[in-house]
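Quick setup: one chain, the form predicted on its own, written in structure tokens, and binding and motion questions come after.
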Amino acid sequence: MTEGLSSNHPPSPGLDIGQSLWQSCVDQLAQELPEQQFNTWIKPLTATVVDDFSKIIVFVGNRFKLDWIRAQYSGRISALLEKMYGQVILVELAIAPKEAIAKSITHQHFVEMVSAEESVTAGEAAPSGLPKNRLNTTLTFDNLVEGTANRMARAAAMHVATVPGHLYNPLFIYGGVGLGKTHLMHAVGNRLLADKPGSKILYIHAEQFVSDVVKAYQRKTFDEFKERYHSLDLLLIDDVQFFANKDRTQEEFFNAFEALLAKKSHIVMTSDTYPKGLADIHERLVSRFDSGLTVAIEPPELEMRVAILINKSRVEGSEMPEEVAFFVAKNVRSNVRELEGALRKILAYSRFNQKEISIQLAREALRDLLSIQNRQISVENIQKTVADYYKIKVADMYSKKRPASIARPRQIAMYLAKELTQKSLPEIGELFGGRDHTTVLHAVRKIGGERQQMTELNQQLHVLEQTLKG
């Protein structure tokens, strides 16, 4: 076994494969997460990989941290380890013993102690009576900022929380990263639990479901597995796209799905794409996903981004002037997570330099982000990307031709130019062959409105936006 793998020390050439694997996982998380988030939750972790690489035990400092890491990060850790190693590695979370105790026991005794204490493995309940549901109690409907981008999804989620087991079952919520899908799911669970405290609820990431299937195979405990999942009143499962190419997992989820619907329990799922856009998922499962209500969460519109910034800055104990919030919101457009990251940078910069929050200070705090955006996204780049996607010539963007095969991509490019750049309507019109600003406005409103109604168009725009943002 590889003992005491710590994320605080970089790997050296002499380290074995297990330690290098864990360190690679930590290094990847360091790139993906905001620095403060990484330093708080991931950096203090240590880990042990068993000899046959079937399991990794990740040690945390206390039960609160265990519960939080299990809810927020265990799915991603599982996915990274599987990607790096090439097959599923079961991730278990354990509370590390006090340092003195840790030094006085053998590693084998420690692993036996962890195995015996069911409370500290991912997916089990703590003996102290902590809920098994994995709900993050801070994520509620009350602190979710509502806007056009999430209004329909929020209304559907609220209905499910109020009258579970009836309409919108299953509820399938899709959208890009950082848009609030997970927040909505926790809000559903927390509201139902407040109204009906005895409800059996479970929030889980799809990767943890995969791990539970693997564990049931290894331990031959499928009866316990089915009892756990088939007896729920509400199942909240995040990122079902991770079921791709995992046949037995899909089979078990299909069985759980059917059992829950038969007893009028509710299922809420999230994904990065709409059901029929899922790759390598069995058709019968996709048809089940699509049998209830499918709703999208879009990137937040300007007014919603402003409200999010002002609200979150108040939670942090600071007041962000409205003009600063508008400046930031105009420059950070993709998702709520990026908005929060920008806000943290501004607040830290303000406190460190002991300066009031202003547009100039925000510009200085976000100079790297602004410079990357200005360098990467231009109207010309949008025109080329859209033309390539729809297989037309870039010159058609400026031409006076009006067939639908050209006019439609041109309108989409105008819409993206308004969404992703700081150009005014007249400036955009000029770059599209000298068109009037009213033509651009018509295109922006038309595509924006259709995006809310047409799943296929929304998916195409999502792909284009991700491509342009790199």
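Everything numeric here is computed off the predicted structure, so don't read it as measured data. Residue numbers run from 1 along the displayed sequence.
One more form of this protein, predicted together with adenosine-5'-diphosphate, exists but is not displayed; see below.
- Mapping the unseen interface onto this chain, Thr182 counts among the residues with a heavy atom inside 4.5 Å of adenosine-5'-diphosphate in the model of the complex.
- Interface residue remark: Val177 is counted as part of the site for adenosine-5'-diphosphate in the model of the complex, having a heavy atom within 4.5 Å.
- Within this chain, Leu369 is remote from the site of adenosine-5'-diphosphate in the model of the complex, having no heavy atom within 4.5 Å.
- When contacts are judged by a 4.5 Å heavy atom cut-off, Met304 counts as touching adenosine-5'-diphosphate in the model of the complex.
- Contact here is defined as any heavy atom lying within 4.5 Å of adenosine-5'-diphosphate in the model of the complex, and by that definition each of Val145, Ile308 and Glu340 is a contact residue.
- Stretch 137-145 is the answer when you ask which of 346-354, 137-145, 278-286, 395-403 has residues with heavy atoms within 4.5 Å of adenosine-5'-diphosphate in the model of the complex.
- This chain is drawn without adenosine-5'-diphosphate; in the model of the complex, the residue among Val336, Ala161, Ala153, Val240 with a heavy atom within 4.5 Å of it is Val336.
- Interface residue among Arg76, Lys226, Lys312, Arg191 relative to adenosine-5'-diphosphate in the model of the complex, by the heavy atom within 4.5 Å criterion: Lys312.
- Residues in 255-294 all lack a heavy atom within 4.5 Å of adenosine-5'-diphosphate in the model of the complex.
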